[in-house]
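Coming up is one lone chain in structure tokens, specifically the form predicted on its own.
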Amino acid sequence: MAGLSRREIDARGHPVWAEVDLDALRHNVRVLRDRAPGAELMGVVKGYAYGHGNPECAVAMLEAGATRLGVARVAEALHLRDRGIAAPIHVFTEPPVGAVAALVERDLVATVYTLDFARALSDAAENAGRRVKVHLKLDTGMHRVGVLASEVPDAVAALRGLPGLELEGLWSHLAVADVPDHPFTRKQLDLFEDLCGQVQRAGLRVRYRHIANSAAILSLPEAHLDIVRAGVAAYGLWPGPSFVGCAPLRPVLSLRARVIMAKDVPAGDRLSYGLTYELRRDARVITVGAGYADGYDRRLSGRADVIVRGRRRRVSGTVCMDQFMVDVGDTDAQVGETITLIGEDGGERVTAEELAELIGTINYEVTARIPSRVPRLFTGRAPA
């Protein structure tokens, strides 16, 4: 769902919304850019900008100094192009061959790592009278996608024979950069340097080499090279526990919801599915208009805190698809009040990292799973 104003959220009866602070996003991009002054910064906006929303986040990143953007899928890139974004957009994964025409027509930067796809892309580019910029993905040990080290010479030879392609860059991805001083990271960096050298010695001069993700931007200056890819840290989320507080990053997203029911319930009664929560005293119980269909995980039942009038209160009983309940004791909470699920209120803060730890995942997933039915309310200076 596109960004809505506060008035539109109220008029449409949305009981839950995400507030996205574009000024905080710009601030974070500038902080990360300053960490790698010799490199261009790519703003990674895949996954609907990690759940924060596009094209607003993409534009804000470019305004703050990003020179290019990164997405996972062609459809994500087309969404940005359709909204007038002209900056280079990198597609990190080879799409089905049916999408090569769109890659060519919309001037996207393609990732290549298989010969079949590279041939199809070259043919489409030649038919259109163009050359497509491509970045060859090198597998330095994560083994997700990319050309294995032993196959790089053959890949380079194949690319030489594809006139529709311009090899602009070489790149790879770090598997454990979020763990400081992990020996595998050094192994990957050394292998990447060696493979880049092989390509250049074969006579192919590439403009860009890039391997640094958010963790590497913050901790590995030797990995910065020509481009750094700012993803999770740009949104004020920490790449790992050991990074907390290592830079003046500001959280970008808050998740708020309304009280949609408030009632006084007697001691001894139980709440929600499974009746897992028993009231030990007469208490005010509020129903909050958010649930697991809004990305608020069912595993937070009875474990997570929300903020009610500046005070932490525990989710009481099972999180439902669209609602959950909170025992607020003798607090006279009323229908229509705003509850904070992620974010700050009255000096208290619930972080995405906190929720991730409770459900055994990472902060990226907590924000990326907030679905399109939850409107984004963009705050701060609006993108130009």
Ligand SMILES: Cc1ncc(COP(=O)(O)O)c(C=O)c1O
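The first residue of the shown sequence is 1; numbering continues from there. Worth saying up front: this structure is predicted, and the values here are computed from it rather than measured.
Keep in mind that the form predicted together with the ligand is not shown, yet the notes after this line are about it.
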Taking heavy atoms only, is Val232 within 4.5 angstroms of the ligand in the model of the complex?
yes
Indicate whether Ser254 is a 4.5 Å heavy atom neighbour of the ligand in the model of the complex.
no
Do Arg314 and the ligand come within 4.5 Å of each other in the model of the complex, heavy atoms counted?
no
Spell out, yes or no, whether the shortest heavy atom distance between Phe117 and the ligand in the model of the complex is within 4.5 Å.
no
Segment that reaches the ligand in the model of the complex - one of 352 to 360, 46 to 54, 59 to 67, 329 to 337, heavy atoms within 4.5 Å:
46 to 54
Of the residues Ser301, Thr185, Ser219, Asn213, which one places a heavy atom within 4.5 Å of the ligand in the model of the complex?
Asn213
Of Phe92, Phe243, Tyr113, Tyr292, which residue is found within 4.5 angstroms of the ligand in the model of the complex when only non-hydrogen atoms are counted?
Phe92
Heavy atom contacts to the ligand in the model of the complex at 4.5 Å, residues of 158 to 175 in sequence order:
Trp171, His173
